[in-house]
Every structure is written in C-alpha cells, then in structure tokens.
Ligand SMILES: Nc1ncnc2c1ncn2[C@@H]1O[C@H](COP(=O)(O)OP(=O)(O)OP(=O)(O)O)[C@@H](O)[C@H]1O
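First, one chain by itself: the form predicted on its own, in structure tokens.
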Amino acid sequence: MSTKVYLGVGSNLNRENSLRFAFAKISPLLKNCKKSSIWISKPVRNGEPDYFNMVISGDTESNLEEFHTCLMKIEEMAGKEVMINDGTNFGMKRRLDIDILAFGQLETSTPCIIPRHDIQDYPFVTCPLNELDPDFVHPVLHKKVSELWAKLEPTLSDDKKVVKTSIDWNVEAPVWNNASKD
C-alpha cells in the first residue's frame, strides 16, 4: 500500500545544485513525484544568504522509518561546505535540509514529528505546498492548505514574504564527494 508524502526541501548553500541534487535523489523513491516552484525566503539568522525552498510530493511504498532514513542519507550525501556571505564566515553548514511535512494521515513523534507541526507558520512551506496541492488537508488542523495560505499570506511583513524564482532543471545534478556512498 502506498502512502502520499509531502517534503519540504530547502538550502541556502549552493542552492540551485542542492535542490537539483535533492530532487534527483528523492524522485526515484516516489511514484507520481511532483515538485513545486522554487521560492526564496529570508534567513532567520542575519547575514546568511537567502534560502531556496520547494515542496516535493509523491507516493511511497516505504514505511515512515525507512523513508526517513533514506532522506537523512540524502542530506548526509549532499554534505557540508563553509558558508561565507558578505565577508562573514558562518562555518561549516549542511547544504540541504529535507523535512517530512506529512506522511499520509499519520500523526507521530517518532522518528520525527508528523505532520510537521509548523506547516501553517512558515510561508516558505505553506506557499509551495499550496501551489503543489491546494486541496491537501492538514491531518491535525483539518484545514486545506489553501485556507492556511489564504490566512497567512495577508499577515506577512516584507521580510517574511516569499518570492518565486526558477532554476534550470536541465542542468545535471551534482555528484558530490559525499554522494559516492549511494
């Protein structure tokens, strides 16, 4: 039996290549795989580069624990690099962040919190999720993501708004040193 999953994917390091890498590694794990547009958001930490964010959805035959393990391996394969922005060295940072937003109608806290507890709070999640599947119903709030986005969007200050961008998906995904383990 397959389970519909929604993933939040973000990066503020080597952003285009990081998202290409994520999609190249995640898409074989899912049937009916789809991706949203890419949305730019401001970082929480001052001085860091902006984030590129997207949502990926599809159906998996894996259970939550297996699927979560696969995603953590993809994050690990993407590796880390030194983040320097405007002359400030932020040290070694992960290139990629992948969060399971929803795994069917499952509600659990192990191995991670499902559904992601803050879907409705972050425009960089709510906006691309709404774009991808406006009829998705939050398993706990029992509201469509389109309703959540309609409530959140008008309240956003300029520094919280997301802006649509694009990348060339025809460029091949990178093969980083850490990726040789797959």
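Please read these numbers as outputs of a predicted model, since none were measured by experiment. Residues carry their position along the shown sequence, with the first being 1.
Missing here is the form predicted together with this ligand; even so, the following discussion is about that form.
Asker: Since exactly one of L141, C33, I113, L156 fits, which has a heavy atom within 4.5 Å of this ligand in the predicted bound form?
Answerer: Only one option qualifies, and that one is I113.
Asker: Is Y122 one of the residues lying within 4.5 Å of this ligand in the predicted bound form, judged by heavy atom distances?
Answerer: Contact check for Y122: yes, within 4.5 Å of this ligand in the predicted bound form.
Asker: When the contact criterion is heavy atoms within 4.5 Å, does K80 count as touching this ligand in the predicted bound form?
Answerer: Close contact is absent here: in the predicted bound form, K80 is far from this ligand, nothing within 4.5 Å, heavy atoms only.
Asker: Against this ligand in the predicted bound form, would K73 count as a contact residue? Criterion: heavy atoms within 4.5 Å.
Answerer: Heavy-atom contact with this ligand at 4.5 Å: absent for K73.
Asker: Which residues from 128 to 142 come close to this ligand in the predicted bound form, meaning a heavy atom within 4.5 Å?
Answerer: Contacts from 128 to 142: none.
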